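Next up is one chain by itself, shown in structure tokens, the form predicted alone.
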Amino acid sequence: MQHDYDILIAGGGLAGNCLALALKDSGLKIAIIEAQTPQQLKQSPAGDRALALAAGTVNMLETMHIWQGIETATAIKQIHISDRGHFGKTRLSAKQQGVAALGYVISARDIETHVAALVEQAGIPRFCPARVVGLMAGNDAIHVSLKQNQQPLNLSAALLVGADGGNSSVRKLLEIPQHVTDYGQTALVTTVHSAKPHANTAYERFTESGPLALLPTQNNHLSVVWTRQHDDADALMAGGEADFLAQLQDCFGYKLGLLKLSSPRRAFPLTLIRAERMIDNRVVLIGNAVHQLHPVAGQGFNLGLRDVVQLAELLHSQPDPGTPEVLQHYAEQRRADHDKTIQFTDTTVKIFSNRWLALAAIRNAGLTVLDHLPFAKKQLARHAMGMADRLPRIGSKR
């Protein structure tokens, strides 16, 4: 059957654009559907978020020829993990692991802008702004109804990829249920400048109300992701910058000297969301459309990019990318990674956001013991670098 496209990608954010770039030399006819204009995407508050890219993620981006040309990323050379008010701590070092960096930090806006520019350079067609408003799947094609500039447009494809984020229109139209865990927490996001050099160290400090992460960025700035209970977060956002900074300083301490705010404060409620399934008839969901994680372990985009790489690798060799066999194979390949990463993140949140003193003693003893066990530290470092499991190279033969 003749289609307008082999693959339609709903969502022109990071996941969708990276998938398009991964498939641009596959011989498949591809187009992207994006609901927001480039200006709206650039102005989104979500662009202020810092992304912690694992070393394994950077390796994948290099293979896809996406990492080259990025100039605003900051290397993480050490990770310092501690528990506020307790003795336990663990330190990971790139030098000890024999790598140049454990990962990199970059703002979501910077990498999104870079990837969008590469998509434009590649000449990949885009329907923008356009919204998916209807789906009808048949044996040989998925028929997609769009509204573009208030005008209807109908397209067909062998496969539709839902990469349209946490509020995925594709998922909603398919009526795929979600399993939601509300952590009762809000992430406060901002940037600070420290009086002392951060020395490319990322700090993960666990507190009674949730974790505090300070991630090194350029010019001795650090991106802050501060998890607090909803009421505490509301009060901190309602108060002045001086009070916010004083409480942040009290929570983190003076290891880096005095901290100064250098960007607006943002607040994002935190939940664990997972779609009940990732495939439907000639449709597959990837990235935040199928899973949204707590930021405590920095695994959200890293997991989403592994979705992209696995799907692109599979589709490169398929004459019909939307058959049930292809999609079922993809779902089976990804399920174990999703299960493991989500369980690790969820368990970390529950262990390190708990006021129970007995549990606090156990976790602190664990951090201290871990700091003195080279093998265990190596395993933790490999997990942090996203190298616990290897994915095939795009276009490679299995």
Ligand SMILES: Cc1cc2nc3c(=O)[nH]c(=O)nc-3n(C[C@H](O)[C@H](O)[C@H](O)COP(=O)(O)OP(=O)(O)OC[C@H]3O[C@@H](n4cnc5c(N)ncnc54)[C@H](O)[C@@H]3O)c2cc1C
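In this text, residue numbers run from 1 along the sequence as written. Nothing here was measured: the structure is a model prediction, and the numbers come from that model.
Although not depicted, the form predicted together with the ligand is the subject of the following passage.
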Open item on the list: Given that the ligand is not shown alongside this chain, does R131 nevertheless sit within 4.5 Å of it in the predicted complex, heavy atom to heavy atom?
Closed with: yes
TODO: Indicate whether the ligand has at least one heavy atom within 4.5 Å of a heavy atom of R49 in the predicted complex.
DONE: yes
TODO: Please run the contact check for D280 against the ligand in the predicted complex: heavy atoms, 4.5 angstroms, yes or no?
DONE: no
TODO: Classify F244 as contacting or not contacting the ligand in the predicted complex by the rule of any non-hydrogen atom within 4.5 angstroms, answering yes or no.
DONE: no
Task: Triplet T72, Y203 and P216 all within 4.5 Å of the ligand in the predicted complex via a heavy atom - done: no
Task: Which of 90 to 98, 313 to 321, 135 to 143, 159 to 167 sits within 4.5 Å of the ligand in the predicted complex, heavy atom basis - done: 159 to 167
Open item on the list: Residue by residue through 12 to 28, which ones have a non-hydrogen atom no more than 4.5 angstroms from the ligand in the predicted complex?
Closed with: G12, G13, L14, A15, G16
